[in-house]
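Okay, so here's just one chain, in structure tokens, the form predicted on its own.
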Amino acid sequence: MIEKIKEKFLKSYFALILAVLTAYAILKFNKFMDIYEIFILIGSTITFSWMAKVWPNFRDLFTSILLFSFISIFLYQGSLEQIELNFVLKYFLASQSAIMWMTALYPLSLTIYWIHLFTKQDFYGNLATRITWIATMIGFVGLLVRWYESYLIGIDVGHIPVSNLYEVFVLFCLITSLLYLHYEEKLKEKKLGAFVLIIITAAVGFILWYTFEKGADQIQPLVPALQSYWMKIHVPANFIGYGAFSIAAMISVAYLLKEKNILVKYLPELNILDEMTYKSISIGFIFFTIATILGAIWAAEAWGGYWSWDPKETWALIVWLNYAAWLHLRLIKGLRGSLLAWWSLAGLAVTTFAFLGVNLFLSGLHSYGEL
């Protein structure tokens, strides 16, 4: 009884705190926001409050992110020079420090997930999960603090950190891990972390290369086409889609191994893997569809037309058609099994090219994301 009262209080308390912070932001910074950005802020508050209500661990994550972000902002004292002067900022809570901690913790979590897969000891599974939660929390702190740092550089430079390949790769890691943690908790199944964390660790490898070889961690002003409120909703929706598609592909790897009698005694049943693949692709398809529609509206505002057959737009359409066909075969034709698993893997290759390959090998209106 006491626990139920406590949980109800925490849910109401969290929503109230978010509402107060939102009201404060609107009252203090409304001169820097247009009506669309105010609606985005209010919509985000409602969404996060709902997520916290249905998923208590998300509430704890969000609270931790806000706490450490506010500590970091306080330590800055309005000056980027504090990074070199303050020990906590320099090694933990400056944006790049936090993101580097994230890049260290995800591979560590992957290693422990594989130990758990073979030993089946709860200690290792719980440890891997906790490290993944910590990595996700510190990564989000890094992005939020990077947002603040961009405004310390200059009001005209300040922007939400989802504007280039470096930032969106960080976002990809965080969204993918958050989606996976939701599945893990809902299904009470930790074995698949050994597969899902592979794709996150691969993204971490790119972040490290991109940082040390290209200096991509430096904050740059936005190009004119990105100076829009649409970026705040189009890009996150896109990466929920990318993250869900990636999870589906890695679960498909587990499915194919199980079907070939590899790691049979370590993996969940085939029907569970098949259902998880379907749910991941369904969620990814919904959000990717929303992102594509929003992108078309944004394109009309920025370039004067909803569709221009730009390489990025064309490959986004290919990705959408690929997963639309996958869902059609499963839902309408009732197809199951290895064919859809292989298709899911092929879908990851198509999605990766749309996400990264277009920036490497093709040029167009989205060339601001190139290497």
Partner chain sequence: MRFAITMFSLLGIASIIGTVLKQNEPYNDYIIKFGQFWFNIFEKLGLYNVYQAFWFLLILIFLIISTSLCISRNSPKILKDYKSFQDRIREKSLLAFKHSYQFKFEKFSTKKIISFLNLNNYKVKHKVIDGGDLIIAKKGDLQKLGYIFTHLSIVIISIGGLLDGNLVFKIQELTGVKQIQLEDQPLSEIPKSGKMSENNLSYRASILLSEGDTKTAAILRAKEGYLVQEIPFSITLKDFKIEHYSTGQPKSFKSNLLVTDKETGKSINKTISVNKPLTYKGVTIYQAAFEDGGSKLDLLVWNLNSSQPAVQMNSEIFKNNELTFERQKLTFEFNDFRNFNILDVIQNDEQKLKLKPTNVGPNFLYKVRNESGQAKEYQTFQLPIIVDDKYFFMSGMRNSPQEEFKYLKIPADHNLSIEGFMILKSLLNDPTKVKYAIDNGIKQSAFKNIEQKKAFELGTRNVINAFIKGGYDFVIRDMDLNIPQEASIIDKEKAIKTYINIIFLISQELINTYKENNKEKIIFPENDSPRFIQDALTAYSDSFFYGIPLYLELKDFKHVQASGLQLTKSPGKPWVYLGSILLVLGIFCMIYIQEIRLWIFKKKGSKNLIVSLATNRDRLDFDKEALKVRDQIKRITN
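Not measured: the values here are computed from a predicted model. Numbering follows the first chain given and starts at 1.
The form predicted in complex with its partner chain exists for this protein as well; it is not shown, and the discussion that follows is about that form.
Screening Ala237, Leu208, Ile272, Leu108 for any heavy atom within 4.5 Å of its partner chain in the predicted bound form leaves a single hit, Ile272.
The single contact residue among Ala104, Ile293, Ala202, Val88, judged by any heavy atom lying within 4.5 Å of its partner chain in the predicted bound form, is Ile293. Thr289 belongs to the set of residues with a heavy atom inside 4.5 Å of its partner chain in the predicted bound form.
Interface membership of Leu222, defined by any non-hydrogen atom within 4.5 Å of its partner chain in the predicted bound form, is confirmed. With a 4.5 Å cutoff on heavy atoms, Ser282 counts as touching its partner chain in the predicted bound form. By the criterion of a heavy atom within 4.5 Å, Leu335 is excluded from the residues contacting its partner chain in the predicted bound form. The three marked residues, Gln227, Trp303 and Ser308, each reach its partner chain in the predicted bound form, with a heavy atom inside 4.5 Å. Heavy atoms within 4.5 Å of its partner chain in the predicted bound form map, among the stretches 63-71, 327-335, 37-45, 23-31, onto 327-335 alone. Residues from 121-160 that approach its partner chain in the predicted bound form with a non-hydrogen atom closer than or equal to 4.5 Å are Asp156, Val157, in the order they occur in the chain.
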